[in-house]
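Quick setup: one chain, the form predicted on its own, written in structure tokens, and binding and motion questions come after.
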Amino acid sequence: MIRIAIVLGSTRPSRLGKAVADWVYSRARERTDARFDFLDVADFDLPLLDEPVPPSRGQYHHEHTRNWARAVEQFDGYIFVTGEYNHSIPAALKNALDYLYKEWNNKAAAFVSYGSAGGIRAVEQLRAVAGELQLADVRAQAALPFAAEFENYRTFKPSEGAEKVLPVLFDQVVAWAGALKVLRPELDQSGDEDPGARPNLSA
């Protein structure tokens, strides 16, 4: 079965992204065409990139990097939940992306964003980063403006429009994730392992 990770990129204690990611995850679990899991960058305690060798070499010196790599590599695609900080990507998410390379290659990516302008400027930059990491980004995007999707700019209450776009996003990322598996023949394609035997994703 196709495996998709919902990646929460903000690590701020007061982040609004947790409610958004929980919504995405709850809707994703209603589907039967893929297995969805949750990856919270905050769970991995990644310092500012401290690997002495470029990640494209795959020579990881630190255990926190190896933990992150093990969590990321098992998926076929990702749904990145991101806020917009100063017209850009949260630093913690950019840092987490920069830690790895081959673990991202030839996989699919979709974006759910939030912010004063729906987070669209952050996703514009994320699409460029995804291309360099050989992540194929799908067109559908859930962009959630504070004024329309958050009561009093704090409490997330997804609109009917947001609810309608999410299934389209799921359809695209699952389809592309499946199509790209052929480019990774070295991986086990069965996906039949016991889910209970999978590693702790927040190790």
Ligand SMILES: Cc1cc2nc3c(=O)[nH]c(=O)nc-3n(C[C@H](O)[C@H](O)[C@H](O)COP(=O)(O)O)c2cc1C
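Residue numbers here begin at 1 and follow the sequence given. Small disclaimer: the values here were computed from a predicted structure and weren't measured.
Omitted from view is the form predicted together with the ligand, to which the following refers.
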Check: Should K102 be classed as touching the ligand in the predicted bound form when contacts are defined as heavy atoms within 4.5 Å?
Finding: no
Margin query: Under a 4.5 Å heavy atom criterion, is R127 part of the interface with the ligand in the predicted bound form?
Written below: no
Notebook entry, point to check: With a 4.5 Å heavy atom cut-off, would you call Q74 a contact of the ligand in the predicted bound form?
Noted result: no
Note to self: Taking the ligand as it sits in the predicted bound form, is Y78 near enough to touch it, meaning that at least one heavy atom pair lies within 4.5 angstroms?
What the structure shows: no
Notebook entry, point to check: Within 4.5 Å of the ligand in the predicted bound form, do R35, V138 and F170 each have at least one heavy atom?
Noted result: no
Next item on the list: Go through 74-100 residue by residue and record those having a heavy atom within 4.5 Å of the ligand in the predicted bound form; state none if no residue qualifies.
Entry: G83, E84, Y85, N86, H87
